[in-house]
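Take a look at this one chain, the form predicted on its own, written out in structure tokens.
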């Protein structure tokens, strides 16, 4: 499978991206153990090949009482909405998106754990303005739960969108995108679906892998969306070769 560069785009965080991200972490110190401010230099995969540099959209409210509904058809309906296709442009740090989302009341944590309402609430749609944030994960897995709670933008029943750009110096053949996510997720390269992880699952390294891919020389947009009901939420992403070894020879850009 050869991925065309139809979505070639410069990964350009705004000139003041560092300031915005620093302000975010200063405003929300709970992020500091899990995220750091991206530098202006290109980043390489970590020692195990994991991608740690991402643009993360603030969580989209999507209340679910459980994760068993995350079959393929449900995932495609709610995650594959065309948001990263067509004339999709790489967001910049601080960009805002206005959309209609399902309203949910703040989670009742009075018992030290989430208390679910006795009855399924009626669906009420409200407008929300969500912001993209440029962040580097300090861990191999990106802690979406900590991101949501740390920024005070959600906790459970959320969809998180993630985008990054990789710059490949020369063609890389027969690689696979390997992903672990909690809970279900979908992943695209240059807007083309390459992997779907369905069901109620924990985040496990290389839990699922795509078909063989050829990454052509140049820049590619890697995007994903993770959906979760109650419980923790995170993901980890890397490319692996035919033997399951990490692919390292590419850059992760922020400009």
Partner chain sequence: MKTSMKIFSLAAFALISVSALAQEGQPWIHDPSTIMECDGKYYTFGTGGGGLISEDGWNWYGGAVRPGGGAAPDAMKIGDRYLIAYSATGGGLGGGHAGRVLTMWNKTLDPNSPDFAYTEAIEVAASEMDEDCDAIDAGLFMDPQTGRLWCTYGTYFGFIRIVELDPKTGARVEGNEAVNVAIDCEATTVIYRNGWYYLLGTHGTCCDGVNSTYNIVVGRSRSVTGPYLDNMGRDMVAGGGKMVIDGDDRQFGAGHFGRYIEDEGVEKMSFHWEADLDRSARSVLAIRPIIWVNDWPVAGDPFKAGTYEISSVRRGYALELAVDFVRQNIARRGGWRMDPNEPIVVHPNQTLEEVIGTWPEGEIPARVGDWMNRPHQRWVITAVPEAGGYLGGQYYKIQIEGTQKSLAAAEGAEVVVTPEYTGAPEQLWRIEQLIDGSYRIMPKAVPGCDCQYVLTSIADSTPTLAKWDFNSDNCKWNFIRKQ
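Treat the numbers as computed from the prediction; the structure is a model and nothing was measured. Residue numbers count along the first chain shown, from 1.
The protein also exists as the form predicted in complex with its partner chain; that form is not presented, and the subsequent description refers to it.
*Among 33-41, 217-225, 63-71, 184-192, mark the stretch whose residues have heavy atoms within 4.5 Å of its partner chain in the predicted complex.*
Partner-contacting stretch among the options: 63-71.
_I'd like to know if residue 176 sits close to its partner chain in the predicted complex, meaning any non-hydrogen atom pair within 4.5 angstroms._
Looking in the predicted complex, residue contacts with its partner chain include residue 176, since a heavy atom lies within 4.5 Å.
*Would residue 204 sit within 4.5 Å of its partner chain in the predicted complex, counting heavy atoms only?*
Looking in the predicted complex, residue contacts with its partner chain include residue 204, since a heavy atom lies within 4.5 Å.
*Can residue 23 be called a contact residue for its partner chain in the predicted complex at 4.5 Å between heavy atoms?*
Output for residue 23 is no: heavy atoms all beyond 4.5 Å of its partner chain.
*asked:* Can you work out whether residue 212 and its partner chain are in contact in the predicted complex, taking contact to mean some heavy atom pair no more than 4.5 Å apart?
replied: Flag for residue 212 set to yes.
*For this chain shown on its own, do 198, 208 and 242 all sit within 4.5 Å of its partner chain in the predicted complex, going by heavy atoms?*
Every listed residue reaches its partner chain in the predicted complex, so yes.
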